[in-house]
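Read the single chain below, which is given as structure tokens and is the form predicted on its own.
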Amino acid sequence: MGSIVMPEALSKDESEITFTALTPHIGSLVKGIDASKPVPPAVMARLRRELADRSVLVLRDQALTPAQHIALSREFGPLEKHVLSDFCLPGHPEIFVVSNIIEDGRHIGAHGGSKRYHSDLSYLPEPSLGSLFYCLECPEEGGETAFASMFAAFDALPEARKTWLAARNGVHDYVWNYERAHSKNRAPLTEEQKAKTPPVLHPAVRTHPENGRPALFISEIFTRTFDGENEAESQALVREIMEFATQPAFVYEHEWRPRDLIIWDNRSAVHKAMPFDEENTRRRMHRTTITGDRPFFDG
């Protein structure tokens, strides 16, 4: 795959920025940007278009302070402050720490990470737009992040399945998933916590607000049922559709290196963490999350 060079209307330095496809359907390697410095408006516009079209952007060899990470993130939109405030970087509530490292007898960040494909916060009325994930330390083996293109998956579905999904909503249910996944390793949710995260309806196919493309909007974790189907039937359909959507042809699996920065779009991609030796290796990542809007399908 060749590189796409920025338009000549940009400055000489800006015109040397390139975007190279990492797979046919998802992911672009971005070169020529120093994310520690203010990004010119024309370059930000190009980054936003590339993110909308390719779902995942990879910038390597970035040296970012927390303040610089936050500044770049805000160029994509307002940032969320994570509900698990204990794992936010001290002094920087916009940065959520993901790490297996233990200091002074406690984890410095959220550890484990979901090993099932999902789109972040899909159980909220307005799920997050996306994230900027920055690597400070990572194991030499394992710990990859896998991303699947829900654009490509929808495009490849049989027409009858596309039509069926385009007419459906899915129920995304945080409490249902929590009680299935965490009944043995976390305290039960209080009634107050449950009341704050009621089930929400989202279209099973969503229109990307920036390029108009349809993408599947289904989660292995949070999609409980579809319109007109009971839970058992719905779960069988979720498994069938997600097995199709996450086949290797639609997936980019990122092997992390320190100082990698990945920007991903929750509106058109799902992701999951790959396992690694959490007992004997170290992983430390900083993540910002961009506020999103309500999914819609403009069919």
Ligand code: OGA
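The shown structure was predicted, so the numbers you read here are calculated from the model rather than taken from an experiment. In case it trips you up, residue 1 is the first one in the sequence shown, and so on.
Omitted from view is the form predicted in complex with this ligand, to which the following refers.
Heavy atoms of residue 287 reach within 4.5 Å of this ligand in the model of the complex, making it an interface residue. Interface membership of residue 229, defined by any non-hydrogen atom within 4.5 Å of this ligand in the model of the complex, is ruled out. With a 4.5 Å cutoff on heavy atoms, residue 98 counts as touching this ligand in the model of the complex. In the model of the complex, at least one heavy atom of residue 133 sits within 4.5 Å of this ligand. The contact with this ligand in the model of the complex, taken as any heavy atom within 4.5 Å, belongs to 144 out of 137, 75, 144, 179. Here is the short version: of 173, 94, 220, 120, the single residue with a heavy atom within 4.5 Å of this ligand in the model of the complex is 120. Contact annotation: this ligand lies within 4.5 Å of heavy atoms from the stretch 267-275 in the model of the complex, the single such stretch among 61-69, 35-43, 267-275, 245-253. Within 4.5 angstroms of this ligand in the model of the complex, the stretch 26-43 places no non-hydrogen atom at all.
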